[in-house]
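Shown next as structure tokens: one chain only, the form predicted alone.
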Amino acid sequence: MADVDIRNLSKDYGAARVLHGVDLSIADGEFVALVGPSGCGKSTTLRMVAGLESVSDGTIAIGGAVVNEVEPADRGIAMVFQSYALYPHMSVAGNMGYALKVAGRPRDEIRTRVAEAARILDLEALLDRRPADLSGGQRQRVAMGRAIVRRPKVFLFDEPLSNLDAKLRTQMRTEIKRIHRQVGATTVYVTHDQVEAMTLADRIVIMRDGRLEQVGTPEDVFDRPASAFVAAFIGSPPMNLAAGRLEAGGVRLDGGATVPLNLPARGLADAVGRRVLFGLRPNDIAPEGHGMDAAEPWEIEATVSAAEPLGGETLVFFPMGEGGDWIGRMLKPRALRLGETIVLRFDLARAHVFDAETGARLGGATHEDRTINQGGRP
């Protein structure tokens, strides 16, 4: 296996620059997920690592060797695409071993490698079947097996589960995580699904407009987002955000109350007077008596504007400031009437403050001291 080191990576399409000086180091055996909205550059980055797109500026090194001018077949990578791209006339075994056959590997070696991959992927009973006889999840496992038999230095996944239904996606996430533990391969995984990224990755790379917005562990990007963009992108439902201004006693929300915050303790004393975005995740807001143990409780009376029962919990919508409805979680669901007044408890120990103009987090860096929009390396 090998590490991947990306330095000052840029990509131009004519006069348009779509990737802006990305820096990212991926350790040997690490699982890193690239996420972000459509057009943010995540797939372009992956395709450049694979050698399917040329590098306009910067370098890509795999295992310490710069591969900018190296052909894709010689980079020691294997890629799994969104489409399975299986040969319909070949058996599962034939599809998995085809690249080795083209490379001129001995038949015994091909059989051994295919059998090994089939065991890892639980495909041993399906080796003689054709792709048309397989389910979507089985076809995706065959596509993964085709990559595994090559024993690459780096695995690249480009939204591999997008074509599967919700149940199969959940099953395949579990499979991919298990396979990564078994194989231990360096893995770069592109997805638009943050749940995939949060459950699979050792670190998550959040991209925006061709730049790295934040790099960190799933816990880091969820608990200490480096910007308001990350706060709103990660989490389902996303973080509640409301505009306001820092005052000595806390944050005065536009059209609302002042949320009491200890500004000196948060490193915000010098920011008094600044326009900010105040944020709190729905997990940190609950009706009184609904199980949340708040470290810094603050209670308000709120009017229920909507409710979404989800079985084990209910999402409660209520107006907060001038930014529209906020969302809290009711952990012991009961029927709620629209317009009903309830007491909501906020855990202000979990609150976040961002600069309203730049979106940058205020009051301290993230756990890994990341730099917003500069793609800082660990």
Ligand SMILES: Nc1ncnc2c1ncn2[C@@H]1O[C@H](COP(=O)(O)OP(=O)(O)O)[C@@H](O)[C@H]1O
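One-based numbering along the sequence shown. Computed from a prediction, not measured in an experiment: that's the story for all the values here.
Just so it is clear, the following notes concern the form predicted together with the named molecule, a form of the same protein that is not shown.
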State the residue from M320, C40, L348, A33 whose non-hydrogen atoms include one within 4.5 Å of the named molecule in the predicted complex.
-> C40
Sort through 41-49, 311-319, 61-69, 349-357 and report the only stretch with a non-hydrogen atom within 4.5 Å of the named molecule in the predicted complex.
-> 41-49
Taking the shortest heavy atom distance, is L362 within 4.5 Å of the named molecule in the predicted complex?
-> no
